[in-house]
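First come two forms of one protein chain, each written alone as structure tokens, so that there is a structure 1 and a structure 2.
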Structure 1
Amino acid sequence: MAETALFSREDMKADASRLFFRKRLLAFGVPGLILVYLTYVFFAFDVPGLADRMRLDNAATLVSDAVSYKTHVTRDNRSGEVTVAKEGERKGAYPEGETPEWVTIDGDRTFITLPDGHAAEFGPDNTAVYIHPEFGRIEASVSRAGGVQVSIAETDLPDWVSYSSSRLDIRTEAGRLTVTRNRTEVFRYFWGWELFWFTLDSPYHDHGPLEIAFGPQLDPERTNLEGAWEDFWNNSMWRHKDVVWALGETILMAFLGTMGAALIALPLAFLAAKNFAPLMIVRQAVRRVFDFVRGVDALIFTILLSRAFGPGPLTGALAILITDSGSFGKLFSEALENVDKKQIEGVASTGAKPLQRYRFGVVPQIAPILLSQVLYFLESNTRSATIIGAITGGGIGLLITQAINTQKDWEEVSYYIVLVILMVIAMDWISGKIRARLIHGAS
């Protein structure tokens, strides 16, 4: 008795230590394998070489441009004409004879006040001065023969000035002055997004919302609210009208694609479900079609369809439609195979014809499941539609890629990203609400 107990105890001990050994192997082996794989990928992706390829100046431009903007004060050194424009764009130019309060034009002299005691001045005969509160004055002049000349010996220039005979570039935290043969230009930086509400040619620029709503009429031809809405909607800098249309196009792509896919997949799913399609060949054929459509990526369909229809929302909608009809077909036929037979029999026992059996025996069982799947896809397709739009050229995806490709409108890129996030979260929220109601109603 004692002997067997001893024996079985040792046996159990051995068993336990084997178990522990296996657990320990798993506990160290899996993280070890992951580590080995990550190390392999680290070198396969050439992460060490990333530091060389990384362009930190691009990153800095991106971040500063996303949260701030610059106003250019530019003098054409041939004609002597001075223009003030936000971001240097024609759309953001101040009208003739108008300047912001930090720029004063007095005959052929232009005084520019920069923050922190810095200042700049355009003088007659193509001269320019940068006034630094600690360093003092740096004077420059441009002539056709000598190029750009500076008042200070080249060796005495501080490191925030770069100078050659064709170009002088002074960069401080307060602003920037560049002088070339053709133009003299001062940048002053401001926080925020420029001209988001109204462009400079609108009478409502620089007026607060309360003033527009309740103040005196600013434009004799239009009431304030009507005019403000018109100028905001047609803002040529931010193109609010086009952006809203693009968001609409993206949602339209997702809606048409998802609903169309569901409508096509529903009848086909009956053919692929074991309990509704008695013929094995038909069932297998339909299922293989679903698998094929799912396997061919949305990317491939997008390329194929954009050859036939050109870029635009229809192409995106059809690409989503084709890809998702495969997924829906699979999901729907699985739902159909799980249908409770008793309800159909019950309906059949009252003498219902096949169509009535489906309508009253099958549809009430599967409708909530199918609808909730469709809504789930609708939400995730809003995001896919943005991506497909970036490839086919439709909707907000197109606007984002265009803005990124200019490599300077990062404030617009960040604006669009915020809009996309809000759009996807809104769709998520709406579809979640409807799904919760459906499930609640079904139970």
Structure 2
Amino acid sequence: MAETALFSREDMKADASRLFFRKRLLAFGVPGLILVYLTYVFFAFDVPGLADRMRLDNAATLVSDAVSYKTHVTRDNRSGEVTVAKEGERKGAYPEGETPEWVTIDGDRTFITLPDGHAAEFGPDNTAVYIHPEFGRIEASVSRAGGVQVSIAETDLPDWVSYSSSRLDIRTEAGRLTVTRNRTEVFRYFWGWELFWFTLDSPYHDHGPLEIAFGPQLDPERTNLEGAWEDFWNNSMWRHKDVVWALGETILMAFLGTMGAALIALPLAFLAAKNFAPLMIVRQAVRRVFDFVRGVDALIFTILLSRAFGPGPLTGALAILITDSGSFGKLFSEALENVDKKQIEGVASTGAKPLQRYRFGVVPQIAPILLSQVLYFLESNTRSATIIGAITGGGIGLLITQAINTQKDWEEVSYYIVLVILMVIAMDWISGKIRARLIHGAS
């Protein structure tokens, strides 16, 4: 008897030792594996080389371009013509004979005053000068044979000057000068989004809202409010009308794809639920279809469908529909498998037919879950439709892609991103209100 008790105690000690060992192994082993994995990632993804690849000057330029605008003073080195334009666009060009106060054109010389004592000058014979208050003068000349030449030895140039025989690029906080064989250009930055409201050719440019609303009539053919709205809506640089239309396309793309997927997935979900489809071969076949369509990302379907049907918002809506039908099918079938059979039996006891049992015994139970899931996916697809639109050529995504491709319209990119964020916030608020109304009632 004593031997049995001793044997039991020894077994308990051994079991406890094994249990403690497993817990210690788990406590130290898992963090160790994570540490090994992070070490692998550190070298496999070349994290040490990230510092060498970083271009903080490019990042600073990108941020500056996103929250400000540039006025370009450009000389064509072939014809000698000098133009001044906001953002360098023809639609933002100053009329002939008009220049901002910091630009003076005197024959074949152009004087450009920049902030903090900086200045630039276009001289005769395709020469240019940048004047730095601390460094001094950097002179450049352009010739067809020798390309771009500077007055200072290349080894003596500061780090804010980039130079080759084909290009001179001077970047300072006050402005920027670029010289190539074909043109010489000075950029000067200003805070804000210029010409966002009205272009230079609008009579309402440089007039405040109070002056437009209560001041004298600025256009003899239109009232101030009517004319200001028309010129803002048809702004040729910021294209507000096209932007609103693109936002509508993006929302419509997300709505059609999400709702179409829900309508397709609901009847198929009955075939994937155990309690509604007793044949296992049917359930497995439908579930594998759901796995396939949701396993392939919507972007892949977007590329395939754009090759088949061409670009357009409808292609994006179809891509969302196909992918979400698999996700909805899985979620809906799981909701169906958890319905209360007593409610179905109660409807059946009234003599209801099978379709009526589903309508009055099943759908009311799963409707709150289905609505919540569909509305959540609608919010998510509003964001996804922006990326899909960049591929299919529709919606606000197309405008973002076009602005990025120019490599200079970053203020427009930031404008579109702000609108996308506001659109997502609005969709989130609206879907939340709808959920509360349909699920919890008017109260």
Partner chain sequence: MADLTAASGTPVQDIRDSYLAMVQRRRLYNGVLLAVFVVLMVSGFYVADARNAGGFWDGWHQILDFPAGVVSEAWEKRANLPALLVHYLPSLLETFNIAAVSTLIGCIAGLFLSLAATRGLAKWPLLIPVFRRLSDVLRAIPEIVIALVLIFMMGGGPVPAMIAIAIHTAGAMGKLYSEVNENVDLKPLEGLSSVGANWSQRMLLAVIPQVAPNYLSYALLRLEINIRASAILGFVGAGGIGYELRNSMSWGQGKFDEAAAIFILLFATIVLVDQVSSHFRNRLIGTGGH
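We call the rigid core the largest set of C-alpha positions that still match within 1.5 Å between the two forms. The first residue in the sequence of structure 1 is number 1, and each one after it adds one. For clarity, every value in this text was computed on a predicted model and none was experimentally measured.
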**OP:** Of these two copies of the chain, point out the form predicted in complex with its partner chain.
**Re:** 1
**OP:** Using a superposition on the rigid core, decide whether the Cα position of G175 changes by 2 angstroms or more between structure 1 and structure 2.
**Re:** yes
**OP:** Could you tell me whether the Cα atom of F122 shifts by at least 2 Å between structure 1 and structure 2 after core superposition?
**Re:** yes
**OP:** Using a rigid core alignment, state whether the CA of T315 is displaced by 2 Å or more between structure 1 and structure 2.
**Re:** no
Original post:
Rigid core superposed, P216 Cα shift between structure 1 and structure 2 in Å?
Top reply: 3.6
**OP:** Could you check how much the CA of P31 shifts between structure 1 and structure 2 after a rigid core fit, in angstrom?
**Re:** 5.2
